[in-house]
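One chain comes next, on its own, written out as structure tokens in the form predicted alone.
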């Protein structure tokens, strides 16, 4: 059963759906400030949290601590460099077809998933004097 969204929550979700990618709460707030029905920053974050709890929005944290939001119907996953913070989307979701056994869930209701790999991009490896081949040997 879908939750009954308030007008503000619908506005927020619609704004997220029009963005090309993920967006910070601050950027979303700035975008909404320019609309006919702006909302405060605390309201933006409160509604983002509620939408996340209902499985309509996902949140991803960058190594810098910044939180990025997107609607869950976008099944985007990323490779993120822990040195420079560069993020690159994966071309597909490697766990899309994964089915969790009901016995393992024990009443848990999955709403969405995120997948992110952390490592070093090629530029940071080169700057640090590391070779990609050396890292490939690690488990």
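Numbering follows the first chain given and starts at 1. Predicted model only: the values in this text are computed from it and were never measured.
Keep in mind that the form predicted in complex with a further copy of the same chain is not shown, yet the notes after this line are about it.
In the model of the complex, a further copy of the same chain sits within 4.5 Å of a heavy atom belonging to residue 122.
Contact annotation: residue 98 falls within 4.5 Å of a further copy of the same chain in the model of the complex, judged by heavy atom distances. In the model of the complex, at least one heavy atom of residue 106 sits within 4.5 Å of a heavy atom of a further copy of the same chain. When contacts are judged by a 4.5 Å heavy atom cut-off, residue 68 does not count as touching a further copy of the same chain in the model of the complex. Shown here without a further copy of the same chain, the chain has 79, 80, 81, 82, 83, 88, 90, 94, 95, 98, 100, 104, 105 in 75-105 lying with a heavy atom within 4.5 Å of that partner in the model of the complex.
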